[in-house]
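Take a look at this single chain, the form predicted on its own, given in structure tokens.
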């Protein structure tokens, strides 16, 4: 019974014991900035090519072949299909994201941003990348946090009449994002080890042949079998380690550094838009709250 009791106590502590609000708030700011880069840099320039009357693939065709006429949450469905209305919806999403970054009306702006983003994704899912899917899940979890992500580092905090409000939160939303983050690494790792090119060590060689993603010409050394094997197998080691070692206090800081370096290297070598940056900012959730409290000590944010 003692063992069961300890497991139950740990489970309750993991999900509900109050923790510093700073990691979640720092993540909110970083995540929102990456989202803004995604909306302004990737959606806005080509928006009318995929939304509205001039879309290369009509919404009706997407609904008929992707959603099979099932009920789908899509606020764009209720708007006129002209370019002004369609662009207005995107600008509204950008505005909500700005409120989210600033932490203004976080309890309301966060779920609204999720619903607007969900509508954009459901209206034209053919343009989505994995970072879009991840961002949608993150906003869903944050929407259920009851404004906890805006408890500090926010305009809400500055405008609060209760300046002595605790900077502690229940970590449910934060834990959901952390678990989802590690689950993605786990699934990617399992998928990789089921394929022969990862086990034999040639995966990186083939990846560097995808010229459409090149940022620059790769050095000839990557054509070397030994270099390919080392990079391929080290990728498997890093991804497996991130699943487990981020949760262990002794190894957490090292894994944060390794994880950020890993994604920075991928972003440097492969042009995948903001995909890698959604993962980079998630490491902010694993930084100990005491670090943020030292940085922002005696500041009403």
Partner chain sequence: MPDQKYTVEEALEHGVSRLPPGKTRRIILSFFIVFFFILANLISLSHYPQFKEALLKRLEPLAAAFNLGQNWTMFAPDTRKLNFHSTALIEFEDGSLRLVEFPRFDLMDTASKFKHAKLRKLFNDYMVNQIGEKYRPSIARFYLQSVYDRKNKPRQLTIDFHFRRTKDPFEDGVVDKRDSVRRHLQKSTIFIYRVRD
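All values reported here derive from a predicted model rather than from experimental measurement. Residue numbers count along the first chain shown, from 1.
The same protein also has a form predicted together with the partner chain, omitted here; what follows describes it.
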- line: The stretch from 255-263, 240-248, 22-30, 57-65 that lies within 4.5 Å of the partner chain in the predicted bound form, judged by heavy atoms, is 57-65
- prompt: Looking at 227, 155, 75, 179, which is the one with a non-hydrogen atom within 4.5 Å of the partner chain in the predicted bound form?
  reply: 179
task: Could you tell me which one of 98, 187, 108, 87 places a heavy atom within 4.5 Å of the partner chain in the predicted bound form?
output: 187
query: Counting only non-hydrogen atoms and a 4.5 angstroms cut-off, does residue 91 reach the partner chain in the predicted bound form?
result: no
field: Residue contact check: residue 234 to the partner chain in the predicted bound form, 4.5 Å heavy atom
entry: no
task: Answer yes if any heavy atom of residue 210 is within 4.5 Å of a heavy atom of the partner chain in the predicted bound form; otherwise answer no.
output: yes
- prompt: Going by a heavy atom distance of 4.5 Å, is residue 170 a contact of the partner chain in the predicted bound form?
  reply: yes
task: Quick one: name the residues from 25-50 with any non-hydrogen atom within 4.5 angstroms of the partner chain in the predicted bound form.
output: 37, 38, 41, 42, 43, 45, 46, 50
